[in-house]
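Shown below, as structure tokens, is a lone chain in the form predicted on its own; questions about how it binds or moves come after it.
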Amino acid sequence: MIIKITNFINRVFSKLFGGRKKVRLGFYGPVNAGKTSLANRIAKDWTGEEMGTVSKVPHETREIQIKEHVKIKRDGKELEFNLVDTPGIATKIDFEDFLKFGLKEKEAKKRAKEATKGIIDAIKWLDDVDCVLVVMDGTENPYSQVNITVLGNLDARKIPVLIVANKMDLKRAKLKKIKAAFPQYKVAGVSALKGKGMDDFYQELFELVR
């Protein structure tokens, strides 16, 4: 049983960031790139609390998760963010993929349906975010269908974007490869798990929304 995801990404509409003090910041990208890990790192840095569960099982995040009133300070300035962590985007979901992680067939099919709904909800939420972090796994080929499709649609609709190359603590991570793949975008390299590169990331984030 394969659930195909098509024709949803094209439903987002154009929205420019308007310079407001409270910023709705969306986390988007492929499955297991580290969106929730990054959201947790930001939330913990500035509120002392994490906001989501991280797992090696695909589509652990299947519902939109929101952390409000996250105040980030940089160079004497402060911005308040609402963090909007979304399920990983995928072009198809096969329940059999979950069986490899020890899930029973019934639970695997249930998770596949929930993940499908989560992807649709994630795309709908683009109506309500001011800017987006596109989180990519720095160890993977950046020229994926998901990355290209997400970035293309965000660009077409003028939603401000910062690419975050995650997992930079791993030797096989290639920041230069992601920068070369998408030279028109700013790219921040981080390890959300280790906290590496976060100072530069926050600088780029402030540049994105100013």
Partner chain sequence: MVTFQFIPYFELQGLESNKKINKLLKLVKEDKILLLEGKLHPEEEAELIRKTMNEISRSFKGVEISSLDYKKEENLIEKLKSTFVNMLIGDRTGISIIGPANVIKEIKRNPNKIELFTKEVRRKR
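Numbering follows the first chain given and starts at 1. Keep in mind that what you see is a predicted model, and the values were worked out from it rather than measured.
Only in words, not in the display: the form predicted in complex with its partner chain, which the text now covers.
Student: Please state whether every one of the three residues Asn141, Ile148 and Ala156 places a non-hydrogen atom within 4.5 angstroms of its partner chain in the predicted complex.
Tutor: The answer is yes: all three residues contact the partner (heavy atom, 4.5 Å cut-off).
Student: Heavy atoms within 4.5 Å of its partner chain in the predicted complex: does Glu107 have any?
Tutor: No, Glu107 stays farther than 4.5 Å from its partner chain in the predicted complex.
Student: Is there any non-hydrogen atom of Phe98 lying within 4.5 Å of its partner chain in the predicted complex?
Tutor: Judged by the heavy-atom cut-off of 4.5 Å, Phe98 is well away from its partner chain in the predicted complex.
Student: Within a 4.5 Å heavy atom cut-off, is Asn82 in contact with its partner chain in the predicted complex?
Tutor: Residue-level check for Asn82: no, no contact with its partner chain.
Student: Does any heavy atom of Ala90 come within 4.5 Å of a heavy atom of its partner chain in the predicted complex?
Tutor: Residue-level check for Ala90: yes, a contact with its partner chain.
Student: Relative to its partner chain in the predicted complex, which residues of 107-136 have a heavy atom no more than 4.5 Å away?
Tutor: Sequence-ordered list: Lys109, Thr116, Ile119, Ile120, Ile123.
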